[in-house]
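Have a look below at one chain only, the form predicted on its own, in structure tokens format.
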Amino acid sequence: MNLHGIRAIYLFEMARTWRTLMQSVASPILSTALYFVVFGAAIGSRVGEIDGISYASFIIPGLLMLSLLSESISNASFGIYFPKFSGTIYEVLSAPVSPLEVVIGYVGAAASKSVILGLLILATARLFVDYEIAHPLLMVSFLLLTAITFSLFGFIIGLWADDFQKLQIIPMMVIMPLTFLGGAFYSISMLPPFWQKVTLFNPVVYLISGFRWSFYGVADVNISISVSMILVFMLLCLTTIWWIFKTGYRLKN
């Protein structure tokens, strides 16, 4: 394996983050802080507790997952799209690095940014809410698994997109609505029985539910199902990326 090639791609992508700290780090943290102020303080005092957890604490995993999904997709999609846009992707494809090494470099950098941002948001939440993490190792594992999986998904979007507008279609029109409807701000047990069943078709439900279980030991869906769902989605993403490199779809034409 060409570790030098992976390192070069990884460091190049990470360097872009330090050049755009306001956009890459400060903006998501400030946005999440506003959610804590509005939903946690203003609305939370009226909602009370959900499953024995204060509302302000209950929404922490959902808010963290909201930022994690959007930032993982955004970082990975832009990271691979820009070389396509500028034409430097041909230099990467002709370099002595395999498709696997290219994916590790780009996806590894995107996932690293998302995990760092997630931990910063978690630290910021402490300024507004007192919370405990019941299963810290599982929480970190779930954080890493989600960041890697959705960075892979973002990588696919970056390969598929042929203009800047398409980079935003899926994150804004699909992922964000699914996150809001996936129990980020409520428990699906609060919904009528029919809508509880409908909600189970939303894949983000399993992510938020599993992540919330790692914090408080309560979940809308069994934790083993949540982990299985994200592993299946990761496998689908890896298979899609393999097919893209094998056929050259949106890479060689």
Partner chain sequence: MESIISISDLGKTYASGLTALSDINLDIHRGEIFALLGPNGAGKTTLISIICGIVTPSAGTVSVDGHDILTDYRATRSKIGLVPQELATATFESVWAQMEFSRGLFGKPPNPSFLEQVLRDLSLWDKRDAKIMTLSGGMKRRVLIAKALAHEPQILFLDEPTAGVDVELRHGMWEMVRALRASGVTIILTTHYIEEAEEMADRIGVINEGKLGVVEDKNVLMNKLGKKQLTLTLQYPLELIPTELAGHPLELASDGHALVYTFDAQQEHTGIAELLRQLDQHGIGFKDLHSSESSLEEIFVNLVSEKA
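From a predicted model like this one, the values you see are computed outputs, not experimental measurements. Positions refer to the first chain, counted from 1.
Below, we refer to the form predicted in complex with the partner chain, which is not included among the displayed structures.
In terms of non-hydrogen atoms within 4.5 angstroms, which of the given stretches 170-178, 81-89, 110-118, 149-157 touches the partner chain in the predicted bound form?
That would be stretch 81-89.
With a 4.5 Å heavy atom cut-off, would you call Ser141 a contact of the partner chain in the predicted bound form?
Contact with the partner chain, no.
In the predicted bound form, does Phe233 come within 4.5 Å of the partner chain, counting heavy atoms only?
No, Phe233 is distant from the partner.
Even though the partner chain is not shown here, does Gln165 get within 4.5 Å of it in the predicted bound form, heavy atoms only?
The answer is no: Gln165 has no heavy atom within 4.5 Å of the partner chain.
Within 4.5 Å, heavy atoms only: does Thr124 come near the partner chain in the predicted bound form?
Result no; Thr124 lies far from the partner chain in the predicted bound form.
Sort through Ile133, Leu145, Ala95, Ile104 and report the residue having a heavy atom within 4.5 Å of the partner chain in the predicted bound form.
Contact with the partner chain in the predicted bound form is made by Ala95 alone.
Note that the partner chain is not shown here; using its position in the predicted bound form, name the residues of 2-22 with a heavy atom within 4.5 Å of it, in sequence order.
Residues within 4.5 Å: Asn2, His4, Gly5, Arg7, Ala8, Ile9, Phe12, Arg19.
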